[in-house]
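This document opens with one chain alone, in structure tokens, the form predicted alone.
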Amino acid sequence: MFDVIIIGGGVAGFSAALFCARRGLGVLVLGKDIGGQANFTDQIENFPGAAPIGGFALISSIKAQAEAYGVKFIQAEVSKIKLAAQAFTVTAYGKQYKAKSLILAYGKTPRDLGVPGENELKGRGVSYCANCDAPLYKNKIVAIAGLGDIAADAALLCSKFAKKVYVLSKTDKLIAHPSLVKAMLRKKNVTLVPFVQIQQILGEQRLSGLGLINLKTGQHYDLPLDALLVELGYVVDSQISKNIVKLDEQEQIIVASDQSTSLPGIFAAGDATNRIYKQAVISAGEGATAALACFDYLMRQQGKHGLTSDWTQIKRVKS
């Protein structure tokens, strides 16, 4: 019996684990992998206090901090959560684990293109986050494969860094907000490539280009590149949380300001929640908040004094 089981091995999950463990809780982290979406990021340059660092390296550092305080990690994909009177039962790879509380931090998954070479080159020139990775491609040749406004936004951001930006479209235009399209096409280093579809992502150790087909002529040709940014949006794999906690129309977990969900004892953090912004530093903060709220919940369940807001200890000075 653990005090808390955290589902998800990314920034939110291990940040929550660290804060729970420092409060003396027994913590188990279950994750399909270590790093989650951060594994698709070659380099993170905007995590406060950290020099530019690879996504996996950052997660590994947070994981090591958590494990130093006694956190246990098992690499396993959770398939089921069962509710009971006094505990939650979590099933992962056929084994069952019990806890008094849960923190759901299983993140979001970027939509794949579903073409040959994509899985092999994820994090090796194939990226799914322009906000995270655009600065890494200074003076490089980049292509954007995406939909609507998010593709146009990605192109505008990349144009500030890349030498050349190709925006790939299956039609003769990008269907996005007219002001975004105009701003994008005004950039001298941005080119819209119409009537194309990606057939294959080329490269061995790193991406070297794309195999394209012209949908009008049927011509196949290769486009040399340094990077491909896939901007097709993200999906939440909500199967384990359906019918347990309330979700929004995008199947994101609805959370309160303290990261609590609709079911007492279950908290959520990171990209799986309905928070607007999705960044590593935000996930870390949400993980810490969920951990403190979880600790408060467990203490009150035992009839003990819970956490008091730091701000209540500050005395106002009369002017």
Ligand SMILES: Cc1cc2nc3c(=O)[nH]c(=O)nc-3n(C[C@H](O)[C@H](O)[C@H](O)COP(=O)(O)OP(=O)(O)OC[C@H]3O[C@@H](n4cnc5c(N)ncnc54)[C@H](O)[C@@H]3O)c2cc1C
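Only a predicted model underlies this, so the values are computations on that prediction, with no experimental measurement involved. One rule holds for the numbers: they count along the sequence shown, beginning at 1.
FYI, the form predicted together with the named molecule isn't displayed, but the following is about it.
- Contact annotation for Val11: at least one heavy atom lies within 4.5 Å of the named molecule in the model of the complex.
- Proximity of Glu67 to the named molecule in the model of the complex: non-hydrogen atoms within 4.5 Å are absent; the residue sits far from the partner.
- The named molecule is not shown here, but in the model of the complex it comes within 4.5 Å of a heavy atom of Pro110.
- Proximity of Asp33 to the named molecule in the model of the complex falls within the 4.5 Å heavy atom cutoff.
- Look at 289 to 297, 246 to 254, 259 to 267, 23 to 31: in the model of the complex, residues with non-hydrogen atoms within 4.5 angstroms of the named molecule sit in 23 to 31.
- Though the named molecule is absent from this view, in the model of the complex it lies within 4.5 Å of a heavy atom of just one residue from Leu147, Ala183, Ala76, Leu223, which is Ala76.
- With the partner omitted from this view, the residue of Val196, Cys129, Ala99, Leu156 that lies near the named molecule in the model of the complex is Cys129 [heavy atom within 4.5 Å].
- Taking the named molecule as it sits in the model of the complex, the stretch 264 to 289 comes within 4.5 angstroms of it through a non-hydrogen atom at Ala269, Gly270, Asp271, Lys278, Gln279, Ala280, Val281, Ser283.
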